[in-house]
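Taking the form predicted alone, here's one chain by itself in structure tokens.
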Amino acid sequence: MPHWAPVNLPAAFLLHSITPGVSNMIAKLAKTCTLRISPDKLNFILSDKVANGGVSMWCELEQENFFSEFQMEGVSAENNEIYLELTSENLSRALKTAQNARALKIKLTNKHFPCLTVSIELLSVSNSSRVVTHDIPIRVIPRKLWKDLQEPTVPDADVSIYLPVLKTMKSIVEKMKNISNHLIIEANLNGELNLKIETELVCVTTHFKDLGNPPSASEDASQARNPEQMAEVRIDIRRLLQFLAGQQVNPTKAVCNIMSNKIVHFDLLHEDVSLQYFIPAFS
């Protein structure tokens, strides 16, 4: 594999506390994912075909916020990137042991098969240190497949709205899941958002008010749209619950963008980590 030989990524995490949080979130959102490594960013990517009902995810970390050292060499000077496929849970499990680490190094290695090797230096009670190593099997993704793993383009939303506290939202959706497999999210430019399920026997709606709308969305859309008019999308309730279960900490910013009857796009910011998550409308 010519693109494997030059790859070398020693790195030491500066913020141990957030790293397991990020990997735990990714593990809850995607069983397997793509890790994109570039000189200034790390991305965790899930790219199921939306046309086939799959969700997609784009999680971004600025490397300078996490690493004290960062060396990488991609395929070429023009394509200075590396794309790896890995099992999210394996990375999460490895980083869980790093919460009280003295040092943490992540390196691409070839041990009979390509690996992401995580070396964690831990201090014992007697102040002596020991190194714990995890070898995570990976698949190096060839360049011809990179085009399917680019940052998703976000279509213009009919309505953008700030989300309520995600834990509250999760507990409501969990109860609704016992009644229906599908859920309608609807919102307007007056800061109102409804979560709604409808079956032959029952209709249940939870209302949120005064959530606010992002300024740009309100200004652009309000010219042509009645602020009271709801935009709605009907989605698989399990997809939404999976997304909400991955959010262990309430984000600094959480926006929901609705493209009526097409897709819902969640845009979250957790301190130094941004997450975009797309759930297509249920057809």
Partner chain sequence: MWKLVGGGTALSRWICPAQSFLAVFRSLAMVEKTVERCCISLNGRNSRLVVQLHCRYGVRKTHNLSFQECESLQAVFDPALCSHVLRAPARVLGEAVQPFPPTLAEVTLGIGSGRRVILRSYQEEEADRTVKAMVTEMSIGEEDFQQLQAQEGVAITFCLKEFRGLLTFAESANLSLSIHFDVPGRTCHLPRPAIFAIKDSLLDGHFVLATMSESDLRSPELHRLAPPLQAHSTPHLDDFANDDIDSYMIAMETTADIEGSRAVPSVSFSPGHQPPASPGPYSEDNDTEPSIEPGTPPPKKFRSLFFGSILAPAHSPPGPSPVLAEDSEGEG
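Residue numbers count along the first chain shown, from 1. What you are looking at is a predicted structure, and each value in this text was computed from that prediction instead of being measured.
Although it is not shown, the form predicted together with its partner chain is what the next lines describe.
- This chain is drawn without its partner chain; in the model of the complex, the residue among Pro142, Pro137, Pro155, Gly212 with a heavy atom within 4.5 Å of it is Pro137.
- Checking Lys105, Lys196, Arg93, Lys170 against its partner chain in the model of the complex, a heavy atom within 4.5 Å turns up for just one residue: Arg93.
- Judged against its partner chain in the model of the complex with a 4.5 angstroms heavy atom cut-off, the residues His112, Leu122 and Ser128 are in contact without exception.
- Using a 4.5 angstroms threshold between heavy atoms, Val165 stays clear of its partner chain in the model of the complex.
- Using a 4.5 angstroms threshold between heavy atoms, Asn79 stays clear of its partner chain in the model of the complex.
- When its partner chain is considered in the model of the complex, Thr97 lines it closely, a heavy atom lying within 4.5 Å.
- Shown alone here, Val132 lies within 4.5 Å of its partner chain in the model of the complex, counting heavy atoms only.
- Of the candidate stretches 202-210, 85-93, 185-193, 171-179, only 85-93 has residues whose heavy atoms lie within 4.5 Å of its partner chain in the model of the complex.
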